[in-house]
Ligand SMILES: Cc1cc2nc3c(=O)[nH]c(=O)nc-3n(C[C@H](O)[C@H](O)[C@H](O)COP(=O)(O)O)c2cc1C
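Only one chain comes next, encoded as structure tokens, the form predicted on its own.
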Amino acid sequence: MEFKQVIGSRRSIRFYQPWRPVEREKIQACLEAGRLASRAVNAPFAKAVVLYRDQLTEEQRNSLKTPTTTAQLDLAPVWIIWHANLGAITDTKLGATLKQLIDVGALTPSHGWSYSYAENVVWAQMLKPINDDPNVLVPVVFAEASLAICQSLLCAVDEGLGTQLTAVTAEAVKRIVKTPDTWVPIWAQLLGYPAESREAGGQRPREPFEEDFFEMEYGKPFRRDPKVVEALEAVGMIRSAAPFPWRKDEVRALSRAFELPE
């Protein structure tokens, strides 16, 4: 699938074919996509544990549910529990991960990079202060981990899977998967073959473009060009907006099929 079509096709899928397993190679592809995401100082901000619904007990499954996470956990065969690694900066080992980038020519002397700069400037003056201040560390790590999660989501769409990010109970995650204390669970990415249509009722509503994006300073909107919108519609990135006229009938039929509330 073309990249812009992947973006246009992505939906939060909540109805899955619970009887159809997800191929291991497709799960790996999603993890590989997350591993290759952009990440500051080449640090391992995102960590994940793959859970298989049918290998969990009913008590474990129910303990992971939140008020907004119910039937989709029962239906999706695979859950990738994504974590933010608060030990990521420590894992750079005084800038060793930056030295890897210097060694392969990604960070170059033309931009001021050297082993000494990595240790004495980037580590000592930037990374260590961030690492020592939880109020700074936590949002940095969560933001960086989210880049990996986003790529995994798009890869799942490209693999022909349904996917969704959903909340799970952090205490239950810790108890079940036994992760280090520095790993903070942030999202469960569900994987499975969709039982609902891939359009899932249409592209989700968003606020007006000019409310989010500005040019040179806040208050001066980046004006949306209708010709660009038309071009993106032509390649499948911008699609028909929800709701499709038959969406309620689809949801009603799926709810009946899975014996869920209508």
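Throughout, we count residues from 1 along the sequence that is shown. None of these values were measured; they are calculated from a predicted model.
Not on display, but discussed next: the form predicted in complex with the named molecule.
- The shortest heavy atom separation between residue 154 and the named molecule in the predicted bound form exceeds 4.5 Å.
- Among heavy atoms of residue 240, none comes within 4.5 Å of the named molecule in the predicted bound form.
- Although the partner is absent here, residue 206 is a contact residue: one of its heavy atoms lies within 4.5 angstroms of the named molecule in the predicted bound form.
- At least one heavy atom of residue 165 is located within 4.5 Å of the named molecule in the predicted bound form.
- Between 63-71, 27-35, 211-219, 232-240, the stretch whose residues reach within 4.5 angstroms of the named molecule in the predicted bound form through a non-hydrogen atom is 63-71.
- With the partner omitted here, the residue from 187, 183, 113, 123 that has a non-hydrogen atom within 4.5 angstroms of the named molecule in the predicted bound form is 187.
- Residues of 7-41 that come within 4.5 Å of the named molecule in the predicted bound form, judged by any heavy atom, are 10, 11, 12, 14 in sequence order.
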